[in-house]
Ligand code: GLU
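Have a look below at one chain only, the form predicted on its own, in structure tokens format.
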């Protein structure tokens, strides 16, 4: 709720949530729809939704002038499906986990309604009725930044159930912030996978003219229902226009931009395919293909939470590692500099990590090395620092992304502790390529 004094101000002007108002302060005038106040934040911040789709917060003070422009719009009736499910199309399960891509904004309440029935989704995206036969299931409603290994476990188990019940593909709607972590987790957790598992989301909400939500969902449906891919992939805009979407291997994807529609890129690997809005699929590189086998898909969904990802930088202190050892952490992934380096020969003892690394490894901690450069691969045989680190027992993770290595180590320590050190630097889900493929000259 807004503060008492703001409530009185709204009452004086006959303003209610959903009304269009103008607010004038020392910085100028803003106009938009009055939104409910979030549960967190100051109660004297007025939240309005502008016509461009963005919400902004304006601090209220004695000099602030508020004016009612018009009343709230009439509640829009639920849309009637304009298309019915067609029989004979590939059966695909859509698992809703949160985010704007599988939801509709209610301008009256300011809230978001999840579209959890096939007919509701078809009302918003009627094109889907001619692509696949959808079974929509809401399994959670979580902002992706709030996801943990517990949510990864739930998603993996739901995917396995859907596949074993006959789905020819699975779509997972997901927030974009940590989509690449979930894609990595599913890549390691799902065994005997023989269908496409496609994660998709939206960088821009569905109420904005530039939203990428529906095209991403349409392309994801073509990928899930009509490709012969048998891997976990991310499906998002390939470029800033609405030409096509890209399918990126789940262990080789990374979010590279905060807001652009083509934020996700394949790193150290080529894209698997490109999908047009009309369903044309252009395959670009090798991938695991569907086979005529009857083995059930198994979700090995255990995860060791006491694993950490550390980025090294000048002046970084080994006290961080000492603390993790004291708290019983089982593994650490280092995002080192360059080819996989960190400070172990500096004359400044407070910044020398050598002793702390040795103690951590002697305690049984598994430590892997990746590069914060992202593109390229680490190598312990070029410079003396890396050779010393390898001799200490640091495991060099080839061209694996730091986030992927973090997820992989947590998975290995929970499911195969005895082999974790051996398997960390070996490819098991497309996370390591024998020869790095890198188009790092992206226009992002």
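Keep in mind that what you see is a predicted model, and the values were worked out from it rather than measured. Residue numbers count along the first chain shown, from 1.
Below: the form predicted together with this ligand, not depicted.
Stretch 169 to 177 is the contacting one of 189 to 197, 169 to 177, 268 to 276, 308 to 316, since its residues have non-hydrogen atoms within 4.5 Å of this ligand in the predicted complex.
In the predicted complex, at least one heavy atom of residue 99 sits within 4.5 Å of a heavy atom of this ligand. In the predicted complex, this ligand sits within 4.5 Å of a heavy atom belonging to residue 202.
In the predicted complex, this ligand sits within 4.5 Å of a heavy atom of residue 145. In the predicted complex, not one residue of 338 to 359 has a heavy atom within 4.5 Å of this ligand.
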